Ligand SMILES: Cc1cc2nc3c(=O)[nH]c(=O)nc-3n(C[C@H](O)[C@H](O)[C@H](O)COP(=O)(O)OP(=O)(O)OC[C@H]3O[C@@H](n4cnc5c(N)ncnc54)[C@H](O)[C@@H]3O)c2cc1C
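Only one chain comes next, encoded as structure tokens, the form predicted alone.
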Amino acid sequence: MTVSERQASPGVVAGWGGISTLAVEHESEDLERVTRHVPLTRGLGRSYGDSSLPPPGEPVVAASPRADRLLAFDDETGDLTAEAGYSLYDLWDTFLPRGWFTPVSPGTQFVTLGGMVAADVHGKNHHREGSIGRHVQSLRIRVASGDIVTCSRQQEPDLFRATIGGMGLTGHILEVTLRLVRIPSPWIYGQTHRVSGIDEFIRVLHAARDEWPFTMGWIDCLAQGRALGRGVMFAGRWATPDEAPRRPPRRLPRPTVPVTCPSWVMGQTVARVFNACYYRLHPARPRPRIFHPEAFFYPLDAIRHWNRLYGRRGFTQYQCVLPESGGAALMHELLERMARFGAASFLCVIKDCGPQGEGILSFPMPGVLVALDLPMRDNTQQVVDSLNEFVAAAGGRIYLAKDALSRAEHFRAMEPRLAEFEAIRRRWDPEGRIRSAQSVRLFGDRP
């Protein structure tokens, strides 16, 4: 064992929402070695549910964060090759000052390249740039047989498509080649303004598609009546050199939530007060300004261990996308269901999604995305069941990187693509060696 390798011993392995298990976690710079006899590799543990937890019958997992070397970069094409544990946080520090950035960024920078590919992450610019898989050039993977395979759109294309968004179930991602994009400055030029209700929100999102590369909205999901779906619209683009401050952006300070809070902190009463204040904080009409890129892309990263605010029982996030053909009517019904259950949340996000990606199980599709944080309570399973029944009937789908409570029958009802994914997966893993707690719950894998 080297100084860069952590002693493997049983301990608590958890998802970001608080679901945990006792398992042995192998963490080493030598990811090739530690992935030889384990069912799953995990990154920084920012998936909310159980997708990065090992199956109950084999409580062992490989961890990639120490395998974080930058292997190559082509400053002509922007092609970056790095080990799977290389994080978006490190990519920021290295490439943002040099005028390069990832073409797609999720809502946190504390993710690894391997995790970004496995979840096929999307960002505020999905309507323009799709999800991250669109920009991946090739992958190096240890498959269930123990062989190491390089795959791309030209080489083993089925494995490539199944791995993008495949939640780590096709093999252990060892290296990623991703094409970065040039940016004119490291600052964001953007605007915010209040939106009075969900009908206006849908119109505003659609109208912003052509003008703004980055768009998203925050919804006060506790508002009802004529204010149903009111919120705040955010839009932005990379600032030009003339617009941007001369100095590069420094890392923002990040205070820490030091302890696990009591459950009432994220309860409905506090949520109502917070939502009303946050809504009024923003201008009624668009007001352009320069944003710090961390504040724009990663507002939740401003507080370390913010998940502790949800108390000992933790939380889950319900993230779904509803087809564009359903229009505002589907959003009305979804929000009304949330309100009937009293689904209190400080975070309810709405985004505009573009075409479906290459990944067979890639989450986004043309339509409207909604993400809602739900504190774990006695009725949370009932809330998720009700929302899943509605989303399946509407022709929508859920995001596996956030899911903790969906039932197998609901997932299968949403996923006509599942049979193709499973066929490719079994071709590379006929004995079902690569699996997770989530795949046991949703895919019917052996525990």
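From a predicted model like this one, the values you see are computed outputs, not experimental measurements. All residue numbers are counted from 1 along the displayed sequence.
What comes next is about the form predicted in complex with the named molecule, which does not appear here.
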query: Heavy atom of each of R42, V111 and G115 within 4.5 Å of the named molecule in the predicted bound form; finding: yes
query: One stretch from 320 to 328, 168 to 176, 91 to 99, 187 to 195 that, in the predicted bound form, holds residues within 4.5 Å of the named molecule by heavy atom; finding: 168 to 176
query: Any non-hydrogen atom of G107 within 4.5 angstroms of the named molecule in the predicted bound form; finding: yes
query: Exercise: V34 in contact with the named molecule in the predicted bound form, heavy atom 4.5 Å; finding: no
query: Partner contact for A271 in the predicted bound form: the named molecule, 4.5 angstroms, heavy atom; finding: no
query: Heavy atom of L387 within 4.5 Å of the named molecule in the predicted bound form; finding: no
query: Contacts with the named molecule in the predicted bound form, stretch 281 to 307 (heavy atom within 4.5 Å); finding: L300, W306
